[in-house]
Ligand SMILES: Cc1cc2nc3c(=O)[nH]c(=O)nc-3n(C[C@H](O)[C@H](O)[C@H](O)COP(=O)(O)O)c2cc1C
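Have a look below at one chain only, the form predicted on its own, in structure tokens format.
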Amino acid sequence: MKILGINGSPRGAKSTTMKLVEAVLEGAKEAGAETKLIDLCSLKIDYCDACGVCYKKGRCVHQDDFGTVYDEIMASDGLVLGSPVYFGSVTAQMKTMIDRMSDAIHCQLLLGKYACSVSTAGSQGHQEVEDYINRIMVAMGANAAGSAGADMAVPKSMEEAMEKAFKLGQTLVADIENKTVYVEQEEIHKMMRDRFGKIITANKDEWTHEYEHWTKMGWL
């Protein structure tokens, strides 16, 4: 079992968000998983320019570090994404990575994977970022196992978040092993397949890669 951690904080070794990502990975490792951490901000990932080539051919035109990250995501059973709060949302680096995953949401490529999120805030807002990340993961087909976050202005918040993050890593492994079903998320998965099935069918002559994928999956 492979669990991948992706840290979206630009603060490197000083990042409290990275500490939470690492805590999730430690919990997962103790539960028997193989883990890996990617420091997103040390990589070069270009902006999505909406060219649509990934819809047509299943590959991106940009020659940068995203391909390596994407391969690691696809090879993983579980994911933990972490970002501090930047003006009420994730960092630009995390958002840039997410924007490059258009094909993943169209083709529901995270189906069967499990994910969780962590965040830290200088004063408030970490729950909104955690919810955003988990919502995106579910929209791409994954199952969200939970989140952990810290309000750095509150005493002991980080300490409590570290403990929660460690347990979250163990939950992530248990969910993968047990193939846990989150009923409310299954409804979202069905809604997303219904929505994108119509869009991809309407563009089947142009989006040949995605139409072939959907046909192979038996969704059309």
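Each residue number is its position in the shown sequence, starting from 1. Fair warning: this is a prediction, and the values are worked out from it, not measured in the lab.
The same protein also exists as the form predicted together with this ligand; that form is not shown, yet it is the one meant from here on.
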**Request:** Among 114-122, 99-107, 140-148, 72-80, mark the stretch whose residues have heavy atoms within 4.5 Å of this ligand in the model of the complex.
**Result:** 114-122
**Asked** Met152 near this ligand in the model of the complex, any heavy atom under 4.5 Å?
**Response** yes
**Request:** Indicate whether Ile136 is a 4.5 Å heavy atom neighbour of this ligand in the model of the complex.
**Result:** no
**Request:** Would you please decide whether Lys204 lies within 4.5 angstroms of this ligand in the model of the complex, comparing each non-hydrogen atom pair?
**Result:** no
**Request:** Answer yes if any heavy atom of Tyr132 is within 4.5 Å of a heavy atom of this ligand in the model of the complex; otherwise answer no.
**Result:** no
**Message:** Within 4.5 Å of this ligand in the model of the complex, counting any non-hydrogen atom, which residues from 68-106 show up?
**Reply:** Pro84, Val85, Tyr86, Phe87, Gly88
